[in-house]
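A lone chain, given as structure tokens: the form predicted alone.
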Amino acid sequence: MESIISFGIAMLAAPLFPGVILKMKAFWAGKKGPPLLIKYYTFFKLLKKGSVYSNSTTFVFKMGPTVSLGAAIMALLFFPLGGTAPILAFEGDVILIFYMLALGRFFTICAALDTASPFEGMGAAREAYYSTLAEATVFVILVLFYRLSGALSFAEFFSGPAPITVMGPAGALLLLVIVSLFMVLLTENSRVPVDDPATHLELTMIHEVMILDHSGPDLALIELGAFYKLFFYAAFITHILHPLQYGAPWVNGLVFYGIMALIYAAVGLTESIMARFRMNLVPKFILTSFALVFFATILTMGVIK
């Protein structure tokens, strides 16, 4: 029951945290910024509108938002949230989770290509290229975690008898993993410096240009799926930073969401002090995350020995 309640809280809280990013960016710009609940307002506003479909689109275009949202929700079903065990878990579920997220991305790309728009096709090509580079980093992290825990399950990684955390024996090396995973978070969620979600120039957009033709409830589902995906990666980093093993579940939850808020604030700070990279520099940025975690994996071999 605690796992179900924790999952429900995560579903409701995920649209709140992007407001922290906006508040942080507004703070550094000397502005007041929008309210924290702005994403809820936008979501329900989109649900009340109608959807417009081009004559060139097929059922693939309509499937994209639904599949991407379902994939993000499935990922959270297998993830321990707030110190509780995940609702679903089995050995090897980490492979399923990341390929579920890849499936959601695949259908988003297919929906963009289904519009027959050259701009959306350009954004889809960039999304596929950058996510392929980030996938290498993710699976090296899983190899490292397997060496540390002997398991391939998020339940064993973070809610098992020996949770993986910076407070453990390999804590110093996991700092490299945190930096690498934060870079993957920025890449997979199309944040600065990889992409700028606030831009309106099609030539420089990646994710936003892929969803230009979506509107109304379809766009609402895409935005909600993006909130859950960002929440997943932020929760991943949170568990590495802290094992979340206190006596009372509500204390675990408070600590968990407190650290989550700090991670979202770090995203906002990054977007405030950095500019978007030129396209030719983005692959180098992503491969840097791979180099960091690969180096950490090599060093971890010596720690384990």
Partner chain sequence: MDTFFLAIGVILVAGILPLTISRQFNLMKSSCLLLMAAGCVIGLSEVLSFLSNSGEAAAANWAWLQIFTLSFKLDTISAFFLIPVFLISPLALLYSFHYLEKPEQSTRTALNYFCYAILVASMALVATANNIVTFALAWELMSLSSFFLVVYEYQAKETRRAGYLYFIFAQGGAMFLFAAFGLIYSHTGSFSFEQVAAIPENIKLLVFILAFIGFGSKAGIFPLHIWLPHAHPAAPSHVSAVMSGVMIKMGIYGIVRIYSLLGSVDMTFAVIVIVAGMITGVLGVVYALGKQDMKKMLAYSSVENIGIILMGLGIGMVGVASGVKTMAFFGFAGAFLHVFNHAIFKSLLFMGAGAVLHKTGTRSINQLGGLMKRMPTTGRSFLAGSIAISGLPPFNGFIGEFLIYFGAFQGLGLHGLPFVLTTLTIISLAVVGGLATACFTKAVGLAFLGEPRSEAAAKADEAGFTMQLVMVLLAASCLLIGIFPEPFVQLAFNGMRDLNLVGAADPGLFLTLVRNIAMTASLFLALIIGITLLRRMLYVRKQVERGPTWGCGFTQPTVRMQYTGTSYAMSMVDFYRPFVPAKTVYSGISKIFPGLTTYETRVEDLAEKYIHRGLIRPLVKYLHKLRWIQHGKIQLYIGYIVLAIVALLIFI
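Keep in mind that this is a model prediction, so the values were computed, not measured. Residue numbers count along the first chain shown, from 1.
Same protein, other form: the form predicted together with its partner chain, not shown, and the subject of what follows.
Here the chain stands alone, but in the model of the complex its contact with its partner chain, taken as any heavy atom within 4.5 Å, falls in 97-105 among 97-105, 229-237, 162-170, 183-191. In the model of the complex, its partner chain sits within 4.5 Å of a heavy atom belonging to residue 290. Not displayed here, its partner chain is approached by residue 217 to within 4.5 Å at the level of heavy atoms in the model of the complex.
Although the partner is absent here, residue 249 sits far enough away that none of its heavy atoms falls within 4.5 Å of its partner chain in the model of the complex.
Its partner chain in the model of the complex is not approached by residue 30, whose heavy atoms all lie more than 4.5 angstroms from it. Three-residue candidate spot 54, 119 and 143; every residue lies within 4.5 angstroms of its partner chain in the model of the complex by at least one non-hydrogen atom.
Counting a residue when any of its non-hydrogen atoms is within 4.5 Å of its partner chain in the model of the complex, the hits in 38-74 run 47, 48, 49, 50, 51, 52, 53, 54, 55, 56, 57, 58, 59, 60, 62, 66, 67, 69, 70, 71, 73, 74.
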